[in-house]
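Before any questions on binding or motion, here is one chain by itself as structure tokens, the form predicted on its own.
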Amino acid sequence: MSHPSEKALVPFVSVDNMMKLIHHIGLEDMLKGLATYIEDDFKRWNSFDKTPRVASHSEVGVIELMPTSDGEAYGFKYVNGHPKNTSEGLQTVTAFGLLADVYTGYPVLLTEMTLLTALRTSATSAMVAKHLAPQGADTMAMIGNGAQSEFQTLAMKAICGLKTVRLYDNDPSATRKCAQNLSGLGINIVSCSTPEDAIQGAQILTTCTADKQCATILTDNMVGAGVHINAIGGDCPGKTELAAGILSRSDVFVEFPPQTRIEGEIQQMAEDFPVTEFWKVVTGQAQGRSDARQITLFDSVGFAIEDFSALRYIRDHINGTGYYEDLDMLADPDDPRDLFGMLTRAKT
């Protein structure tokens, strides 16, 4: 049997190889690198095709496709969100992604994105906080200590100089897990028994909970002036974490308004509720933090351009590492009109 041609082969990064790549680069260095790629793509926001993700909802979760293109490369991510999975010993979120050449339509990368999504989400959070958090912010409340919490903390350390994290989860075992995982990584860890305790002295408030419902993780009276809120748990219709009163007192920054108004914290607000697209802050077209007492809020739902940035990063960093394998994914007959002939000859 003949071997597949080079054109038939697509580099594939498995979970095992992704972990090896992360350790090869260094977790904090990779977070900083991803943040740079994401910020660079925010700077050229208008060069991208943009559309809200395509979502298929069920009673137990959501399955989504997130596509975008800059005219030269096309990328998409498949991702699910099933909060009930944790109770069954499964991940709440799983994902994989693909990058393709627009000129030929041929895929050039296939990769796991469960780990990579955790990294790109936290890198995005920290990149935004670098622009919006109060000057000198070094303490974060991490409310929700699930699979994303350690990544968020380390990204804030690597990119924003975070020194202390105050942990809270309604499941104390999750807080113990997070504190143990972060031990020895250069962060001062304070485990808290209430969300009110967690936000004491914190200039950055990160909420990341999984329940698929409208919840009030932070009530209006809990949030004082001079903080940056990084709200990443609300990411589908009917799922929020913040009291509407907090939004009314905040300057709200979003990725892509048509998606965020459906899925984010601002789904609670009127359609004309004012928001600032964050790419405008990066390019200098809009102001970020303007004074020390301001409440800034990043209503983060995750957008396809961030995944595109992560796919670009992986494509650019796997060469020469051996941390991928070539998959025989694309039919490549000698005569492009003779696909049937290729099949027939394979019989012998």
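Since this is a predicted model, take the numbers as computed values, not measurements. Between two forms, the rigid core is defined as the largest C-alpha subset superposing within 1.5 Å. Position 1 is the first residue in the sequence shown; the rest follow in order.
Omitted here: the form predicted in complex with another copy of the chain. The next part is about that form.
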**Q.** Heavy atom of residue 268 within 4.5 Å of another copy of the chain in the predicted complex
**A.** no
Q) Going by a heavy atom distance of 4.5 Å, is residue 84 a contact of another copy of the chain in the predicted complex? A) yes
Q) Does the 4.5 Å heavy atom contact test between residue 157 and another copy of the chain in the predicted complex come out positive? A) no
Q. Can any non-hydrogen atom of residue 65 be found within 4.5 angstroms of another copy of the chain in the predicted complex?
A. yes
Q. Pick from 160-168, 74-82, 249-257, 222-230: which stretch has non-hydrogen atoms within 4.5 Å of another copy of the chain in the predicted complex?
A. 74-82
Q | Interface residues of 304-327 toward another copy of the chain, as seen in the predicted complex [heavy atoms, 4.5 Å] | A | 327
Q: For residue 62, state whether the C-alpha moves by 2 Å or more between this form and the one not shown after rigid core superposition.
A: yes
